[in-house]
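Okay, here we've got a single chain as structure tokens, the form predicted alone, with questions on binding and movement later.
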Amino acid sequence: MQRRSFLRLVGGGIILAVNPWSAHAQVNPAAPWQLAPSIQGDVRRQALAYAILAPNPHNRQPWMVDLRTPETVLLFCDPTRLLPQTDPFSRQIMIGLGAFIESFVIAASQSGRSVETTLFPDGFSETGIDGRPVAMMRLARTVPADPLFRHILSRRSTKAPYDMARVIPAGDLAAIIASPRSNLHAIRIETDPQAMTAIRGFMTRAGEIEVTTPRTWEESVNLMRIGQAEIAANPDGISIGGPMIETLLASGRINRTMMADTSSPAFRAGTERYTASIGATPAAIWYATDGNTRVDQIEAGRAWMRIALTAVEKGLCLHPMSQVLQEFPEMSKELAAFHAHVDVKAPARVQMLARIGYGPGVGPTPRWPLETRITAS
């Protein structure tokens, strides 16, 4: 496909026209995690097999790549993967794309290649997503392998309760804080019990606002993949699976309509699990950039990837808590209050907030196969 045709499709939001997988194709949602080490040949494909495992909001996997130019990856944002209600300016989507870029750079280093990254080579919009590339990444000179690579396949977003009694060693906290290569405005890991009471309060209130605002909750419900069949058909969005879910599905005690009804037992069970996880949060990490430009957002995502991998190295779990940082109107008071609480003043912007601690092992988040993310090669 010619680049001009691809851009026309992106601009019109018809990305499925270039997707070789139908919306109902059954895939193994864990296969990309299992197959990444087996990809051979083209260094770009080897690195992309790991980049598609990067964390991203609501598991939207918003990346599409063009490989027609040798030694180069042209990265685009799939406009059908946006979150217009909870992420109206696509700030979180950009953070996810930044994590993708950093994962690609880290993985390419395993083949001894550095990556020259040009962000927004054709310009960009500060308020929306259009058909222009987000980044052009060229393989370049030889570099040493990045030691964080060995943790990519083990990285998870662990949403379960954490161990409230186990203290995180100061040296591990320092290593995580020092891990980003981006120049951040501020970064902090809060462990003080009194301070954590306040932060858990922000997490709780923001979560309540998101689920009680009809259009934002509807956005999440529409992206839920409930049960093995739905997850296999669409390995993106919010996967809700496991033996208990299959039992509830079979007995008719859970479905998307019930999850949308905030008075239903299914909804209450979900909010109780969410509340329990927040209550078992011994520490939190947050960081801010100097501004909130598209470049700041990409750099925030690159920083998050390194933080997440360093956390894995130290045996720690992370769970992004983005609700209080969202820009829809109903969240504006909590967003401003949180910035005031952590003493971050405009134009600086807090980009990420997450739970951090020791938690249980969990499985990988579903992913679309690599080939579905390549538009041309």
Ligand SMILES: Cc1cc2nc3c(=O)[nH]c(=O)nc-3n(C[C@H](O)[C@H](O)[C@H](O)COP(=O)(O)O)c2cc1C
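Throughout, we count residues from 1 along the sequence that is shown. For clarity, every value in this text was computed on a predicted model and none was experimentally measured.
What comes next is about the form predicted in complex with the ligand, which is not displayed.
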Worksheet entry | Touches the ligand in the predicted bound form: M331 (any heavy atom, 4.5 Å) | no
Fill in: the ligand contact at H319 in the predicted bound form, heavy atom, 4.5 Å
yes
Worksheet item: Taking heavy atoms and a 4.5 Å cut-off, does T293 contact the ligand in the predicted bound form?
Response: no
Fill in: Exercise: P29 in contact with the ligand in the predicted bound form, heavy atom 4.5 Å
no
Worksheet item: With the partner left out here, if you bring back the ligand in the predicted bound form, are W33, H58 and I95 all within 4.5 Å of it by some heavy atom?
Response: yes
Fill in: Contact stretch among 249-257, 124-132, 151-159, 74-82 - heavy atom within 4.5 Å of the ligand in the predicted bound form
151-159
Worksheet item: Since exactly one of M352, L309, L335, V342 fits, which has a heavy atom within 4.5 Å of the ligand in the predicted bound form?
Response: M352
Response to the item:
Contacts from 335-371 to the ligand in the predicted bound form (any heavy atom within 4.5 Å), listed N to C, are M352, T365, R367
